[in-house]
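Let's start with one chain on its own, the form predicted alone, as structure tokens.
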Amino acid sequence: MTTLALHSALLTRRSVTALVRQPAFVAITLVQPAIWLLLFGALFETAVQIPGFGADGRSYLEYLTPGVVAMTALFSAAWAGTVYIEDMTLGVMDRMLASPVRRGAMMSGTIAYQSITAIVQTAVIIGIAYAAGARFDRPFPGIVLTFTAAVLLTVVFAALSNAVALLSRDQNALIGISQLLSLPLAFLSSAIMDPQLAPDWIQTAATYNPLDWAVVVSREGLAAAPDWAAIWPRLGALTALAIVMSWLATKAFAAYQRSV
């Protein structure tokens, strides 16, 4: 376990160092969320007045912020496998697999890096929301739950992206699968609109959507009277799914080695 932790820390530092040297990358990834937050927040400002919209007295911007946080975490994590594709192209992956580096550390190192990125992005999005006028009833516990949900969602989809990269070894395949999953998951959730106003099949899909789990955890945590019966099962499901996906993604290293 000590070796695993050491290797994970070193590989995380490797990725974070690359990020620090290219801070424009984080700024670029925040352009789209800022547009969603400010544009959608203004465009659908009166949506909370629709009968049945479960805003519970919040403005649409306050309703939307947890959704933008979750979508940003998902879209960023979906591209995590591009790091592996680059390492494969440069021969770094083969050299690392031939070294004593633990496979679990190789996976946890990239996931930790993606989680750090998600934390920075979440902090900036919440800051933009506050600057735009959003106010939350329970800022401290709610923001802690928001960070937790964003990190867990990042782990789930970063692990999935890494596994796809290892199995396909193709940038185009990774991009295609990421796009195929990301947009449907975003719109089959309560990120932008209350699913109670949507058809029954969308409500059912949202119930099993990890993105929606993260949105509900954040939104309920920031509410004046959180629904803990809605928060804890979803937080537990996200944690379990993150563990399972990380384990399965680590197993993908064996499939990659057999194919080279």
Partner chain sequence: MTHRPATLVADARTDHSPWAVEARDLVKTYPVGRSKPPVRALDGLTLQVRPGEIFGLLGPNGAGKSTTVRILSTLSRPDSGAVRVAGHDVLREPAAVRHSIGLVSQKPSAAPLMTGRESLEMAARIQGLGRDAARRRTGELLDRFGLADAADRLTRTWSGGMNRKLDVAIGLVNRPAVLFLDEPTTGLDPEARAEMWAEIARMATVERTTVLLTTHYLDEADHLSDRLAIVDHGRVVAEGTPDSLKSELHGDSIVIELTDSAAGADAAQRLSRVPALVDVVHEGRTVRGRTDRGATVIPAALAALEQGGVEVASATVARPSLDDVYLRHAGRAFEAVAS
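Note that this is a predicted model, so its numbers are computed, not measured. Residue numbers count along the first chain shown, from 1.
We do not show the form predicted in complex with its partner chain, though everything after this point is about it.
Proximity to its partner chain in the predicted complex holds for none of Gly176, Ala237 and Lys251, with the criterion being a heavy atom within 4.5 Å.
With the partner omitted here, the residue from Ile116, Ala123, Ala132, Leu97 that has a non-hydrogen atom within 4.5 angstroms of its partner chain in the predicted complex is Leu97. Just one of Leu180, Val92, Leu167, Val144 comes within 4.5 Å of its partner chain in the predicted complex, counting any heavy atom, and that one is Val92. Judged by heavy atoms within 4.5 Å of its partner chain in the predicted complex, the contact stretch among the candidates 132-140, 152-160, 100-108, 71-79 is 100-108.
Shown alone here, Leu11 lies within 4.5 Å of its partner chain in the predicted complex, counting heavy atoms only.
Among heavy atoms of Ala5, none comes within 4.5 Å of its partner chain in the predicted complex. Using a 4.5 Å cutoff between non-hydrogen atoms, Ala18 counts as a contact of its partner chain in the predicted complex. Taking the partner from elsewhere, Met88 is found to have a heavy atom lying within 4.5 Å of its partner chain in the predicted complex.
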